[in-house]
Each structure stands twice: as structure tokens, then as C-alpha cells.
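Just the one chain here, laid out as C-alpha cells, in the form predicted alone.
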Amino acid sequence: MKIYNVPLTLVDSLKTKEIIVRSPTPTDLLHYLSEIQSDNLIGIQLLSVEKDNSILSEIELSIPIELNIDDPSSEYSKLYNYVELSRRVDFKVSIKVKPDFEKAVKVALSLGYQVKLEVGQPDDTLVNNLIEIFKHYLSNPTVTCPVEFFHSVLIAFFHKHSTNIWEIQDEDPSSNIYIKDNGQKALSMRLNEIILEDNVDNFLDERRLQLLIEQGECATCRFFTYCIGYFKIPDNSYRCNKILELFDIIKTAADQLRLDLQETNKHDGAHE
């Protein structure tokens, strides 16, 4: 199944598809919502944080809503305005990894919101903050909601099964198509300057092969299966040293959880 992320203005052209509709404001969303076939609407994406979002109380659809936080340093305090909404719908906050993003993540988690990290090519300081947030997510007993991409990567390491960050972040064009405001297909909101051709189902297979042929950093990376060069776009010269440190920490945590579970099972079995 393909899911199309579309702007409100292009809903009519894709209304027979499975769609996530993005809206610049709740007001615009409410205006168009009556024109959308609810059977095909699987999600709403709000692109801005408004102080007065009371109009959202008029939305009766019980579908997931994702709120984008583009400037966490100035917008994190506004997350408190969405508590009521989060109690009525499946609510997630997508936070761009920029300076002070960790403040927004901690506020979101304290309010019981699911979190998705919009991470591109972070510098060393930002990766250190990502490591801090992973440890907060893993060890703080008050955290009850997932933080992606951490959550899915941790589970993949724990169960030793294959997944990749493109899929986790909804940026695999074989299943998620991002439609720009001008109607062009782009790789994702994050990478909206990369325009896709009509055939996108083989994007990750082709990327995997290309990176192996290039024999660059990815070709010998121990986490290549999970990443497939995710952090090499848009700047292919980006060095992944700190990202590898983050992935090592996640894998170590998964390995320790598995050992702890095995020890618990042995202990329980010995007392049966």
C-alpha cells in the first residue's frame, strides 16, 4: 500500500488514494476537511504551532494527528496547548533536530506525546544531544511513549531482525510518497528538493547497490543494513563517526536488555 502525503490544495487530485493531508493551520484544515473522503484519510499533519488551536476541538475524525515542530527553541513551550487534543486522538509530535530540540522532546514526553525526531545530518553537538535523549527515553521511568527512530531501531537490534531508518521515518518512497505543493513527487518533506521519477519502488535497492559500488564509508559500515546511506543525503561527504557512536549505544542497550530478559527467564524457570 502506498500512502501519499499531500497538501490541502491538491486533495481533489488524490482523494481516491490513501492520504495524509498536511495543513499550514488548523483553520485551513477545518475548511477543507468536509471535502475529504474519510475512508481514504489516514492521517493529518499540522505544519505550524498556533497559540490558539481551539478550533481543533471541532474535528470529529478519530484519525492520527502529527504536529510539526520546526523551531524547537521557540516552539517547545507551545506543546502544552495540545494536551486536550492528545487525549482525543492518536497524537504525535515531529521535532526537527536543531538547537534546543532536546527541550521540546522532554516536554513532549512529559505530556505523554509520541515523538518522531526529524534528523538530517546533525553536527557533533546535536548527536551528543541525541545520545542524551536516547538515554532519557530508555532509563527515565516516567517516559511511556516511543521516540522514533530510537524505538524501532532498538527493537530491531533486540530481535536481531532487519529494518531500516528510511521505513521508520516514513521516507521510503516505495510506501510513502511526498507530494510537493506544485504537484511534484519528492523524496520526503525533509528532502523535498530531490524529485522522484515515476518508478520509485526500487529506490532503496538502487541506493544500496550504488553505495556498495562507490566503496565509500557505507560499504564497510556495520550498520549499513539499518541505514542504507540515510545520513549521506543531501551531502554525501557527511562523516558518520558520531552517528555510529549513537547506533553503538542503541545496540549495546538492546544487547543488555536481551541478556537481562534471558537471565530473568532462567531465574523464573528455576523456581517452577
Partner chain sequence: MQIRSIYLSIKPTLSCNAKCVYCDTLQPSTILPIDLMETLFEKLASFTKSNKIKYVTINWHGGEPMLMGLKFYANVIDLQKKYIKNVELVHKMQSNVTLYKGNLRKVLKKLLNSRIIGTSLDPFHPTRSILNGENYYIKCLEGIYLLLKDGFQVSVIYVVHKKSLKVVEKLYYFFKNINIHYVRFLPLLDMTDPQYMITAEEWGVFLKELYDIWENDNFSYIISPLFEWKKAILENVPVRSCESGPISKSGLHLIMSHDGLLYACDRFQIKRTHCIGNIMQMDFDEIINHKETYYVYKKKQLLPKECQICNFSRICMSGCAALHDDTGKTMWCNGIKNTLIHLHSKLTKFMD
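Residue numbers count along the first chain shown, from 1. From a predicted model like this one, the values you see are computed outputs, not experimental measurements.
Unshown form predicted in complex with the partner chain; subsequent notes refer to it.
This chain is drawn without the partner chain; in the model of the complex, the residue among N202, S139, T125, S73 with a heavy atom within 4.5 Å of it is N202. Only one of C218, L33, I243, L56 lies close to the partner chain in the model of the complex, with a heavy atom inside 4.5 Å, and it is C218.
The candidate spot formed by D90, K116 and K135 is out of contact with the partner chain in the model of the complex: none of the three has a heavy atom within 4.5 Å.
Of the heavy atoms in K15, none are within 4.5 Å of the partner chain in the model of the complex. In the model of the complex, none of the heavy atoms of D39 sits within 4.5 Å of a heavy atom of the partner chain. Although the partner is absent here, R239 is not a contact residue: none of its heavy atoms lies within 4.5 angstroms of the partner chain in the model of the complex.
Of the heavy atoms in K160, some are within 4.5 Å of the partner chain in the model of the complex. Per the 4.5 Å heavy atom criterion, the partner chain in the model of the complex is contacted by stretch 222-230, the sole one of 65-73, 222-230, 22-30, 41-49. Contacts of stretch 175-211 with the partner chain in the model of the complex, defined by any heavy atom lying within 4.5 Å, are made by N202, D205, E206, R208, L209, listed in sequence order.
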